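One chain comes next, on its own, written as structure tokens: the form predicted alone.
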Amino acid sequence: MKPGRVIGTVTLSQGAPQFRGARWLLVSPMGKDELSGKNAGLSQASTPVVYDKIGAGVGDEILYVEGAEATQPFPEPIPLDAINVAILDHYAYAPPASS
């Protein structure tokens, strides 16, 4: 799982039937700078489009899964790269101690 912040949504005029009832989110991945508050803006990482069926919105911090694990909630194979699995209420981050 990866943490990210929802920065936008995607609007589709048509979509595959297995995706009905869900939304598509633009997510800024959160690395150590974003998690520790050093960077309150967008990360430099690429922005994934994330499938969402739990109701996240712009500004929410989420956990998402990418790759083959993203397709596991579906009964048959589908073309999906990332799925939202949690909306974070609160998190605590302590960077690893440098040696």
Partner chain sequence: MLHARIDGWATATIAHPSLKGQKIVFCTPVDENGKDAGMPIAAVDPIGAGRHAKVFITTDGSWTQNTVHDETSPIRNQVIGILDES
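Positions refer to the first chain, counted from 1. What you see is a predicted model, and the numbers here were worked out from it, not measured in a lab.
The following text describes the form predicted in complex with the partner chain, which does not appear among the structures shown.
Using a 4.5 angstroms threshold between heavy atoms, residue 38 stays clear of the partner chain in the model of the complex.
Interface residue remark: residue 31 is counted as part of the site for the partner chain in the model of the complex, having a heavy atom within 4.5 Å. Contact check for residue 54: a non-hydrogen atom falls within 4.5 Å of the partner chain in the model of the complex. Heavy atoms of residue 83 reach within 4.5 Å of the partner chain in the model of the complex, making it an interface residue. Along 32-66, residues 32, 35, 45, 54, 63, 65, 66 each place a heavy atom within 4.5 Å of the partner chain in the model of the complex.
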